[in-house]
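One chain is shown next in structure tokens, namely the form predicted alone.
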């Protein structure tokens, strides 16, 4: 049986607005990640993917829910305990330029977490920086380069090296290739897969690029407006999506073959606001299969078999979605 590395249970994060209103960025999501796997997280912009990732590594504090890491509840860790946990959980950010301090060289950026955690002597830290540069495919002379002297791919490699500095086992990858050219994306993805095999890493891979998620992920979580609507092994999700939103999302993937076209599902209706999502299924106002019950109550996640979970009344009632 595969060991569970991380369990996210009913995680909630709202952001306050004037007049006692709140943005329901993450509104009670539950999923787990097995040790050594890559869990993809997809959904359109504003669905809460990045907020979920940052809450999991405690860059922002969740309002409610539990984070269980190797059986330990880390939701409310603070001080030295939280600092110790940060050695095991890291994050790679989306924009390689804005995530790096322009006033520091590559060597200083990679060494920073080692210095904060008092990892070793100055000489040992210099050796570790050189090791990390080599691991991510950069030459030793990069140690003195500043972010503005490097292209996006090299900057992202520095970001990856910095995330690896303390030897973590779990990394949140927040759209790590979306700001890069396509050819550079492939290099970074191959690097990340190679590092995962060599260092026994576990990834939460957040992206809006479904082709990338299909390529790198073992399982996929689909989010819509702050909630999880479907979770499945990658192959099952792409071959047989059960939730209408997932079907619409996958229908937008272009087919790389001349003359072949996918049957697009064009969504209509109003997009609910995350400030006041209202009752019922979050997707029901845009769903072409919605029934009256969809606007009255939120569907519960049900197991459709083979680890394929979906929150949809039509599936829970045994109906086949067409």
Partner chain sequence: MFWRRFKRDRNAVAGLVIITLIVLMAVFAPVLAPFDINAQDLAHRREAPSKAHPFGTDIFGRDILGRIVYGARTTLLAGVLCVLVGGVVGSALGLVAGYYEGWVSAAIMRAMDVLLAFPYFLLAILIVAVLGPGLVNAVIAVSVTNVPNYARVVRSSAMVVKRHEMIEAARAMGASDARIIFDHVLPNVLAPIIVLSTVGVASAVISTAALGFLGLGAQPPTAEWGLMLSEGRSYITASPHITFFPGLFIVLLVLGFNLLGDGLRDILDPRLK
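Positions refer to the first chain, counted from 1. Because the structure is a prediction, the values reported are computed rather than measured.
There is also a form predicted together with the partner chain; it is not shown, and the following applies to it.
Under a 4.5 angstroms non-hydrogen atom cutoff, the partner chain in the model of the complex has residue 86 among its neighbouring residues. Although the partner is absent here, residue 91 is a contact residue: one of its heavy atoms lies within 4.5 angstroms of the partner chain in the model of the complex. Among residues of the shown chain, residue 112 is one whose heavy atoms approach the partner chain to within 4.5 Å in the model of the complex. Contact annotation: residue 162 falls within 4.5 Å of the partner chain in the model of the complex, judged by heavy atom distances.
Across the proposed site, 59, 100 and 103 without exception bring a heavy atom within 4.5 Å of the partner chain in the model of the complex. Shown without its partner, this chain lists 117, 122, 76, 198 as candidates; in the model of the complex, only 117 has a non-hydrogen atom within 4.5 angstroms of the partner chain. Residues of just one listed stretch (104-112, 122-130, 225-233, 67-75) have heavy atoms within 4.5 Å of the partner chain in the model of the complex: 104-112.
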